[in-house]
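Have a look below at one chain only, the form predicted alone, in structure tokens format.
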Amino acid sequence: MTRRPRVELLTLGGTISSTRAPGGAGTGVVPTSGAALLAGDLAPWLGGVDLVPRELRLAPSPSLLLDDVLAVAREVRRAAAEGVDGVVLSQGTDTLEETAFVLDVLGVARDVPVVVTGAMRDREAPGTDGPANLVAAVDVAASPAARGHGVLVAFADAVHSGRHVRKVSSTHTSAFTSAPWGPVGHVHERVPHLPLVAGPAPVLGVPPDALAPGGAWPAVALVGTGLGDDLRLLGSLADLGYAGVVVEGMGGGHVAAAAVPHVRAALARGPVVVCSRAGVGPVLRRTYGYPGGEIDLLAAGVLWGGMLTGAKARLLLTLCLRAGLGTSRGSGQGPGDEALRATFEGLAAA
């Protein structure tokens, strides 16, 4: 007899778990439904899969912490050691791309497929999309074809790389993209088709236990910029306790000429990453030579943000600092800074 695939469902809350609070007409929806109830919802469609529910949190995703993501990483490692065929994680979509990115950077899908999903419509909304996304995620996680892809995101029948996925709509049920690369596959008639296999993406190389809770995480600021902004606030961030900063530059990673002295001042006190606010495409390296262009900023010592969005760059810099990289704060010349640059920019290029 063929063994039925065993998939563990980890839940963190979010819209996919949300209903109106009891007696709360007019107060909006909140996470109320844990893993067991979600698994019960799926029972009619998953007769060929043993689904094991495990509730980790019941929270809106803007309130999740990196410690919560590390808790997921530990649960995945435990589940893999117990021989499950796949793991599905459900959470709110506001930070879904960040969770998927961190889990992928930590390499948690090395031994077992890990698929992240959520919903854009709460459980009481007409045409709620949560059950369909969960069923597709379970189908992907249970499929041998999902192995070797890293962390995946299943949403609206598309399957995205967790390294590249982004939320691009606040309301549409097809809210996620992985442009410019596109999805690695789709789910049709309950069958995952994953024909596109990306090359192995580098991982941080630090065991999750080395990043275990205990003490405060390094604070990294995320700062946007635009027309006429001189970024004068950068000089005050270190005094507020920030260990580093990510600047979402314009276009290919640019800031106003008037902002350059403030970028340099920030670099004297900690690492500065420059990403593009455009959302698709890399920070350039060698095209624009004017003050505040990418050539000027890279020569000043900023970290190249590569293909990363600002939100992902902030998390990657936080992980690197927590791992002990960049210890010669502000000098830019010590071995810790060299290791930080090599590690961060290597992962940003993936």
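Just so it is clear, the model here is predicted, and its values are computed rather than measured. In this text, residue numbers run from 1 along the sequence as written.
The same protein also exists as the form predicted together with ligand ASP; that form is not shown, yet it is the one meant from here on.
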Ligand ASP in the predicted bound form: contacted by all of Ser61, Thr93 and Lys167, heavy atom 4.5 Å: yes
Of the candidate stretches 72-80, 103-111, 85-93, 254-262, the one with residues having heavy atoms within 4.5 Å of ligand ASP in the predicted bound form is 85-93
Please check if Gly14 has a heavy atom lying within 4.5 Å of any heavy atom of ligand ASP in the predicted bound form. yes
Can you tell me whether Ala142 touches ligand ASP? I mean in the predicted bound form, with a 4.5 angstroms heavy atom cut-off. no
Any of the heavy atoms of Ala136 lying within 4.5 Å of ligand ASP in the predicted bound form? no
Would Leu204 show up as a contact with ligand ASP in the predicted bound form if we use heavy atoms at 4.5 Å? no
The one residue among Ala146, Val274, Ala266, Ala119 placing a heavy atom within 4.5 Å of ligand ASP in the predicted bound form is Ala119
